[in-house]
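Given next, in structure tokens, is a single chain: the form predicted on its own.
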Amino acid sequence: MSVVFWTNRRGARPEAPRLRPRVAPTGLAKVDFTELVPEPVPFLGQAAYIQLEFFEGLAKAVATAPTLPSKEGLSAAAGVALRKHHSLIAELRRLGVEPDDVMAPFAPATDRFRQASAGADWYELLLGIHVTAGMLDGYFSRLAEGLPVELGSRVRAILGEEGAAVVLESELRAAINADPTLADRLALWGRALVGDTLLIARSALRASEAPGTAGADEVEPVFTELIVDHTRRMDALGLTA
């Protein structure tokens, strides 16, 4: 199987919230998202741009896929990400704003995030999308609980579509079964992705822009849940989180 390799490794990462990766999901503190979520317009703008980045990553995965069945499955996954993007754009237009103007402030950091999570080859690219999309879709869906009720319900329905995750998990599991030597490398890569993903997640919190709004102890349960979900996602692939 021939795979294109890329060389976009990075230097040191900025410090991310320090969390224990295997915390049981029981007993987590209840977070009041109305105290943390930004205004609906910037929230939707960031979420929409993130979905566009996922689509671009999946389009790259389609272009470099080693087999036709992989191309077909990943093209369907890319369609899911693009559908989410367009649905979030529609919500912005419903609010009477220009989506491009709203998304623009989030472009530089999100572009860097996509480049950082692209990995060194096709397998790392797939895992990067699987891990970061899984964490951020779940995270933004949770934050949507703090939006106005009807808007929040629509956003959760948009982000809850899981077709892309099913495709990515299937492709990754097949690759690991075919070449078990991939497992250690992908496990390391999955762990390396968590810090950058948490930084993107934290940028969506009002607390990150107004330090007096919420302390680290208040927001940590949110990130702990992300780590728990990430661990389950990696376990499903037979990888250690």
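Residue positions are given as counts along the sequence shown, with the first one as 1. For clarity, every value in this text was computed on a predicted model and none was experimentally measured.
This protein has a second form, the form predicted together with a further copy of the same chain, left out of what is shown; the following refers to that one.
Asks: Heavy atom within 4.5 Å of a further copy of the same chain in the model of the complex: which of Ala204, Leu172, Leu52, Leu186?
Replies: The residue in contact is Leu52.
Asks: Of the residues Val166, Ala104, Ala109, Ala157, which one places a heavy atom within 4.5 Å of a further copy of the same chain in the model of the complex?
Replies: The residue from Val166, Ala104, Ala109, Ala157 that makes the contact is Ala104.
Asks: Quick one: which of 133-141, 120-128, 147-155, 85-93 gets within 4.5 Å of a further copy of the same chain in the model of the complex, going by heavy atoms?
Replies: Of the stretches listed, the one contacting the partner is 85-93.
Asks: Applying a 4.5 Å heavy atom distance criterion, does Ala192 contact a further copy of the same chain in the model of the complex?
Replies: Because no heavy atom of Ala192 falls inside 4.5 Å of a further copy of the same chain in the model of the complex, the answer is no.
Asks: Are any of the heavy atoms in Asp196 no more than 4.5 Å from a heavy atom of a further copy of the same chain in the model of the complex?
Replies: No, Asp196 sits far enough from a further copy of the same chain in the model of the complex that none of its heavy atoms falls within 4.5 Å.
Asks: Examine Ala116 and determine whether its closest non-hydrogen atom to a further copy of the same chain in the model of the complex is within 4.5 angstroms.
Replies: It does not: once a further copy of the same chain is placed as it appears in the model of the complex, Ala116 has no heavy atom within 4.5 Å of it.
Asks: Would Val41 count as touching a further copy of the same chain in the model of the complex under a 4.5 Å heavy atom rule?
Replies: No, no contact at 4.5 Å.
Asks: Can you tell me which bits of 59-93 touch a further copy of the same chain in the model of the complex, meaning any heavy atom within 4.5 Å?
Replies: Ala59, Val62, Ala63, Leu68, Pro69, Lys71, Glu72, Ser75, Ala76, Ala78, Gly79, Leu82, His85, His86, Ile89, in sequence order.
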